[in-house]
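Given next, in structure tokens, is a single chain: the form predicted on its own.
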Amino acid sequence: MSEIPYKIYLEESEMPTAWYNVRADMKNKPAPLINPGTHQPMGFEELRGVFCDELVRQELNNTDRYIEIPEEIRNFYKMYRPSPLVRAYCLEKALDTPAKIYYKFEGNNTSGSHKLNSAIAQAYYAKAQGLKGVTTETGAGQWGTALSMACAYLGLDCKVYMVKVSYEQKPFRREVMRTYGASVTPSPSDTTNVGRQILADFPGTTGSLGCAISEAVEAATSTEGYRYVLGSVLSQVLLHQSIVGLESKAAMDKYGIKPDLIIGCAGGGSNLGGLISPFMGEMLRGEQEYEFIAVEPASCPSLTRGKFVYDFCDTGNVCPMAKMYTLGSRFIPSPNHAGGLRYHGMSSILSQLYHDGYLKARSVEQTAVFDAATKFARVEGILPAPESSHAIRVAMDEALKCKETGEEKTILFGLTGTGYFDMVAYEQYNNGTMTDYIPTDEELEKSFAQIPEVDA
């Protein structure tokens, strides 16, 4: 057996004390958020009506390479961080590959995912500002669970709008949120003006992250003492999630390991962006070379089939507009089981990096994803979340390519969380009733036609 252990842990004293802001090293900065009415960049005063003040400052910060993590957040992190970097020896053996496979496991907290890294940060800044509570959306429920945990810890109210199909498919994750004191509403709902309009426009819809975002923003902006917080997409979220990549790099550096290929699932971009940020920074500065792959569901292929334009971040068109790869804000994805990846757009940071050629993208169908998830669970002993399993699928594919070519590549992927609340999906896969859906070109063109033209 290699001298490299199965699990590489950092000491508490080796934990990062600052988040890394990849925008500081990007030659082409991500385009600014713009006002949907004027199409002009939105500054601090406009954005602070929706987001917490300090989070707005982080959202607008394109220059500071490192931003200090407040001590209270670092102390909270110590309850479940540093998270392990795992050498997948058993998976390597099962695949009979010369590739060396590592994964950063973020599922060792009650939320079951990496989402807690940003949830505690956003809740902390809301509390420091003296707010009463926050509103948010959640897809698979991991972000809602994480935010409810952070709000309970800090004594904040938490209102969650959960995508309706996930609300119905994942009742236990919903109940974890309620256990932590959050109110959970299936979206779209009849409790908001925008929700009622979406129900009228799309009768019988199973919802989407874009729908839930619209409702959460309306609830925040119409309730005194509340602000809206988001679990992905925004630059501030990728900043907080950089702790995943910083720990991964520190653990690999500790043993002299350099990854050739870094893979992450991509919905809004928080997991992938957090994992790759410090490695991407090295490449942007000309210090190292890496290959990065974003993996998305074939049913919601924003990078691989979307357009790089300004679009609304939400279905109800109440949010700022972002320049990103998008399928159109009115695109409602099919109800696949990777609820956290059912978003029509992509982080402006990742979109710009992809557009500039620093990042590759691949889409995969969900039956192939669950085939990989099942094989991984049987040899590595962890039941992965459907979102994470997209990265597992491509990591396995790349390892099998190494078997064919004899290359000894080192592969790193993000295991964002566990799938113990996703058993309806596993049941369908095991019963052979799971299906794949890929939107047609005609469907996408219909959605693209509704993207507003922006001269910005």
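This is a predicted model, so every value here is computed, not measured. Residue positions are given as counts along the sequence shown, with the first one as 1.
One more form of this protein exists, namely the form predicted together with another copy of the chain; it is left out here, but the text below deals with it.
> Another copy of the chain isn't shown here, but in the predicted bound form, which of 214 to 222, 192 to 200, 81 to 89, 256 to 264 has heavy atoms within 4.5 Å of it?
That would be 81 to 89.
> Just to confirm, with a 4.5 Å cut-off on non-hydrogen atoms, which of S183, N317, T205, T374 contacts another copy of the chain in the predicted bound form?
Partner contact (heavy atom, 4.5 Å) among the options: T374.
> Of A368, A152, A128, M283, which one comes within 4.5 Å of another copy of the chain in the predicted bound form, counting heavy atoms only?
Checked against the cut-off, the match is A152.
> Check R330 for me: does it contact another copy of the chain in the predicted bound form (non-hydrogen atoms, 4.5 angstroms)?
Output for R330 is no: heavy atoms all beyond 4.5 Å of another copy of the chain.
> Though only this chain appears here, would Q352 touch another copy of the chain in the predicted bound form if you measure heavy atom gaps against 4.5 Å?
No, no contact at 4.5 Å.
> Check N109 for me: does it contact another copy of the chain in the predicted bound form (non-hydrogen atoms, 4.5 angstroms)?
The answer is yes: N109 has a heavy atom within 4.5 Å of another copy of the chain.
> How about Y420: is it within 4.5 Å of another copy of the chain in the predicted bound form, going by heavy atoms?
It does: once another copy of the chain is placed as it appears in the predicted bound form, Y420 has a heavy atom within 4.5 Å of it.
> Report whether all of L55, E59 and Y358 sit within 4.5 Å of another copy of the chain in the predicted bound form, measuring from non-hydrogen atoms.
No, the whole trio is out of contact, none within 4.5 Å by any heavy atom.
> Listed by sequence position, which residues of 165 to 182 have a non-hydrogen atom within 4.5 angstroms of another copy of the chain in the predicted bound form?
Those in contact are F172, R174, E175, V176, R178, T179, Y180, G181.
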